[in-house]
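Heads up, the chain below is alone and in the form predicted on its own; it's given as structure tokens.
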Amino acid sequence: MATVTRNQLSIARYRSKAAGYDASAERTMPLRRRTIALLQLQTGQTVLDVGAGTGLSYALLRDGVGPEGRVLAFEQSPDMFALAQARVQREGWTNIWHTNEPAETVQLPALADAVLFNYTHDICRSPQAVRNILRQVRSGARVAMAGMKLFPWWTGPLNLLPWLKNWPYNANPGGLRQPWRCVASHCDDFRWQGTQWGMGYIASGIYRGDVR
């Protein structure tokens, strides 16, 4: 029997979720906005949307970089990416470059000045994916992250809740104690704060340019 890779499992899971994803993500839009604000985007910059899903962040990122800037993005789920493509075509956006490829091998057309990891747990848990992304990012770029994490250790059985909420979306649902660790190891001034009563986080740092 052929072994199913984590990427293949992730694609299969999002196949059933793509159609209703935007509606389900509505409740976390305030967190998405807060995370993007941490990037402190400026007009003319190039910003990378990691694991962009259906493109829900595109409009907010375009607002940050302006018409002179550029949004780069990738998404490995064909079903999610199709919805992102439809969004770009519907809105007539011309300064967005995006592609249907996995984080481990995607090749960007330009270096990014800022990077968004919004609910991209599987990607953040993969050293290969993180290194491939960061080698295509300028030194000094701002990095912003959001996602699920465990409650404090002393809450005990309560931590089953974030694990169960994370499991349907991720092929590698472990590592919820410090899900930002791999990205943070390449950043200076990395800071995080809990959200959703401790079950989530937002974080930011400055990429030190140590992956090439």
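This structure is a prediction, so every number in the text was calculated from the model and none was measured. So that there is no doubt, residue numbering starts at 1 and follows the sequence shown.
There is also a form predicted in complex with a small molecule; it is not shown, and the following applies to it.
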Contact residue in the model of the complex, chosen from A114, L134, A73, M80 - any heavy atom within 4.5 Å of the small molecule:
M80
Please tell me whether any heavy atom belonging to R32 falls inside 4.5 Å of a heavy atom of the small molecule, as the geometry stands in the model of the complex.
yes
May I ask you to check whether G51 falls inside a 4.5 Å heavy atom distance of the small molecule in the model of the complex?
yes
Since only the chain is shown here, I'm wondering whether N95 would be in contact with the small molecule in the model of the complex (any heavy atom pair within 4.5 Å).
no
Partner proximity in the model of the complex: E91 to the small molecule, non-hydrogen atom cutoff 4.5 Å:
no
Candidate spot G147, Q178 and S204, all three in 4.5 Å heavy atom range of the small molecule in the model of the complex?
no
